[in-house]
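Here's a solo chain for you in structure tokens, the form predicted alone.
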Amino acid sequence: MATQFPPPSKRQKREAIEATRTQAPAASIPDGSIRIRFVDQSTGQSGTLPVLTVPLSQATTSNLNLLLNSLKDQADDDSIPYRFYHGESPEALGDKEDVYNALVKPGRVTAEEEVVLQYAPQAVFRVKAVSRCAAAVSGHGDNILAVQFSPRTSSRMASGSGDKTVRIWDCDTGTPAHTLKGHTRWVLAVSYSPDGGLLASGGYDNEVRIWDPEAGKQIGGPLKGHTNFITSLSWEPYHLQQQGRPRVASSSKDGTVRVWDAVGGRIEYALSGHKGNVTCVKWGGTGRIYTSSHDKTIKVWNAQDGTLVHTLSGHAHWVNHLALSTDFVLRTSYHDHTGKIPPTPEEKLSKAKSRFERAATLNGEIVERLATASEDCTLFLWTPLSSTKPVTRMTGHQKQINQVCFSPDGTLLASAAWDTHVKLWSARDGKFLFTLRAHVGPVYMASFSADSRLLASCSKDTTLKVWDMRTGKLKQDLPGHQDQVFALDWSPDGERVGSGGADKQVRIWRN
């Protein structure tokens, strides 16, 4: 009688496929060469770089990186990892790909023609995708409406809640470090100062409060003046601050923005000119304050004296949110991925200034780009320092857009909307790149990792999702919250993601 063997299990089938794949000979690359022209993605120019003839067998992404660094006279110590794009394709060549298999073999180019590769620098460090919940901490008695990590370290995060308190969390142990009491109604916004030494909060009680996040104590009394609730907060950039006198701007439903001396506890001036609620305020690194409103306009103010510089018009409905291409460096000032803090105030100032200038310089001049998101389902990209006309109008969302954010390297723009999608755009010209589809409820917020390679998003569907920016594909699905997730932040050092929502729990995520 013949022995009947059971059919192979899934694991055995998978191992057999892997074995055949590893044993298959590598696809041989034919002899021959190809002419390659490198073009800077941010300027569209090749500058002084020559057109090179490269053997097909050597035209791998890693070799192209070495080649470009040597052409730019960037020694091994200063070498920058680059990402390469062909033509209009939003997808970069993979880290282990080569020109023959990626472009010539599929027929996208021929070996006889000159191939133009756009290059864009990547961060020299790499952030790992968060994949697990490291802490789920209860403590708040109502919805969590805002979270933000300290620019100094991912060990500290602040959250504002409907229970009238602000909490500072110790993310290493997953416990509350301080509970800050004083607000009499919901706390809607929390914001760390760029050096991490102060924390501002504002909410439904029309007041802004300044806290010492280390001691867990309030500094001075509440800052009163607004006649309706606070919608957002923005600190003066570190390199523009008068030593020891940081200022913070607050926008409100009363149609004004007020600029406060955070230490002195007094108002410097009020910006009034909008005819509706002011939804968002951003303090730019060139001494401009940007405000968006329900009156469909964006206003640009001079931060020195509070005078109006421009009014930007174009949206057909309320403007919900603003983002600056320099948001990340302004938020982190002199803190970077190395974790080294300059010893003296002068060196701190100089490092914060040089980081801002490096992030904002385009073709040798300072360019601070502004993105605006509206209820009219569109986004606009502006360069408000040089023009009152938008660079481009971005359409594609089917419902109102909640939030927009730039990647830290200033090359990408992400928009989160009620249509359950996150869309990705080129921050240079507003060209559409990807739609990130996986959420099944409105997406409230998105936040980039510090190296710009990943994006996290949170939604009404109770989940967080992490996306790969090179391919536009889902990298991690993070369920765990029991109700919708309103607030999200990726720590500036890339170590953790923090989230909070209607289940009253703060969750800390790690890789």
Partner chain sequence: MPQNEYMERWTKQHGKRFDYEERKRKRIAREGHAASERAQNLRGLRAKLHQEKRRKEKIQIKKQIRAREEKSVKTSEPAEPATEALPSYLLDRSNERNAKALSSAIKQKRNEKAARFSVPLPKVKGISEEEMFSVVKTGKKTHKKSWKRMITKPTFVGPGFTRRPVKFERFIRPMGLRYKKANVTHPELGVTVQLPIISVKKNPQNPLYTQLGVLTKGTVIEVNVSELGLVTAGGKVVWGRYAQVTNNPENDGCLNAVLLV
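Just so it is clear, the structure is predicted and the values come from calculations on it, not from any experiment. Residue numbers count along the first chain shown, from 1.
If you look for the form predicted together with its partner chain, you will not find it shown, but the lines that follow are about it.
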{"item": "Its partner chain in the predicted complex: contacted by all of 66, 360 and 452, heavy atom 4.5 Å", "value": "no"}
{"item": "Any non-hydrogen atom of residue 38 within 4.5 angstroms of its partner chain in the predicted complex", "value": "no"}
{"item": "Proximity of residue 468 to its partner chain in the predicted complex, heavy atoms at 4.5 Å", "value": "no"}
{"item": "4.5 angstroms heavy atom contact with its partner chain in the predicted complex for residue 320", "value": "yes"}
{"item": "Any non-hydrogen atom of residue 277 within 4.5 angstroms of its partner chain in the predicted complex", "value": "yes"}
{"item": "Per-stretch contact check against its partner chain in the predicted complex, the hit in 457-465, 55-63, 28-36, 41-49 (non-hydrogen atom, 4.5 angstroms)", "value": "457-465"}
{"item": "Proximity to its partner chain in the predicted complex, single hit among 153, 378, 241, 231 (heavy atom within 4.5 Å)", "value": "231"}
{"item": "Listed residue that, although its partner chain is not shown, lies within 4.5 Å of it in the predicted complex (heavy atoms), from 261, 95, 142, 170", "value": "142"}
{"item": "Contact set, 391-416 vs its partner chain in the predicted complex - heavy atom within 4.5 angstroms", "value": "400, 402"}
